[in-house]
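Presented below, as structure tokens, is a lone chain in the form predicted on its own.
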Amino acid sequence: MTLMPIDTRRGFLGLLAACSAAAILPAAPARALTQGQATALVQQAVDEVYAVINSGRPAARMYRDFEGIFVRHADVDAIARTVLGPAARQVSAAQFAAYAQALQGFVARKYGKRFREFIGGRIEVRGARQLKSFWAVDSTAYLSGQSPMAVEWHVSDRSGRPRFFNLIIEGVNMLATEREEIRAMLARNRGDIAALTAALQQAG
């Protein structure tokens, strides 16, 4: 079998996580979060993603469904702050909320457009191990015509309930990848968060 091209692997990553390194986030022990809860979260997210992929719904409806999965199971606030960087501390709450909402829609459209690559695939969730401040849930992704891929989900209950905030697939860190893209977009818009929000609403 052939190896998956890097752009396809990133597409796969984004479709599952919508954005997506642990070291970037402040340490906070996940004392209440259990191994079973972390694993169950990942399994639920995977099941929902593939239900949408195989639903046969119109593309626009699928993008909304992918965005809903992201909102339910990802720590959108932590992801949005991490990819934006220091600028997140310099904007108003209203500006940040508008940006975060635009970001989640951008991610859903950007990666949702590649859903056909994943029809007929599957992800096997194998187990989890606790790191200093979160759980790392291990899984293997099988896509048609591609070699199996190791996917590691980072799950925390920092937001008040179990959510994932990053994915690593064979060494590719999605949170870091999206951080580079969003900060480049912000730079092109001369640091204007409103302009970045508008750009995100139109892109993807």
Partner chain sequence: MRVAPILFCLSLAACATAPAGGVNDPYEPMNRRVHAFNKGLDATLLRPVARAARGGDDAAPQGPGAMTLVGNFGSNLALPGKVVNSVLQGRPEPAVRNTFRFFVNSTLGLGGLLDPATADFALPEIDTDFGETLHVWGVPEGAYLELPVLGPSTERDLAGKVVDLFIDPLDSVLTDEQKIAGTAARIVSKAGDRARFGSTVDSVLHESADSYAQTRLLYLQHRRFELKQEQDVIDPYAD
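The structure presented is a predicted model; accordingly, all values stated were derived computationally and were not measured. Numbering follows the first chain given and starts at 1.
Form predicted together with the partner chain: not shown, discussed below.
Asks: So which of 113, 122, 126, 72 reaches within 4.5 angstroms of the partner chain in the predicted bound form, heavy atom to heavy atom?
Replies: Checked against the cut-off, the match is 113.
Asks: At the 4.5 Å heavy atom threshold, is residue 170 in contact with the partner chain in the predicted bound form?
Replies: Contact with the partner chain, yes.
Asks: Should residue 39 be classed as touching the partner chain in the predicted bound form when contacts are defined as heavy atoms within 4.5 Å?
Replies: Taking the distances in the predicted bound form, the answer for residue 39 is no, it never comes within 4.5 Å of the partner chain.
Asks: With the partner left out of view, is residue 192 within 4.5 angstroms of the partner chain in the predicted bound form by any non-hydrogen atom?
Replies: Flag for residue 192 set to no.
Asks: Heavy atoms within 4.5 Å of the partner chain in the predicted bound form: does residue 78 have any?
Replies: Yes, residue 78 is a contact residue.
Asks: Is every one of 32, 47 and 130 within 4.5 Å of the partner chain in the predicted bound form, counting heavy atoms?
Replies: Judged in the predicted bound form, none of 32, 47 and 130 sits within 4.5 Å of the partner chain.
Asks: Scan 167-187 and note down the residues that get a heavy atom within 4.5 Å of the partner chain in the predicted bound form; none is a fine answer too.
Replies: Contacting residues: 170, 171, 172, 173, 175, 176, 177, 179, 180, 181, 184, 185.
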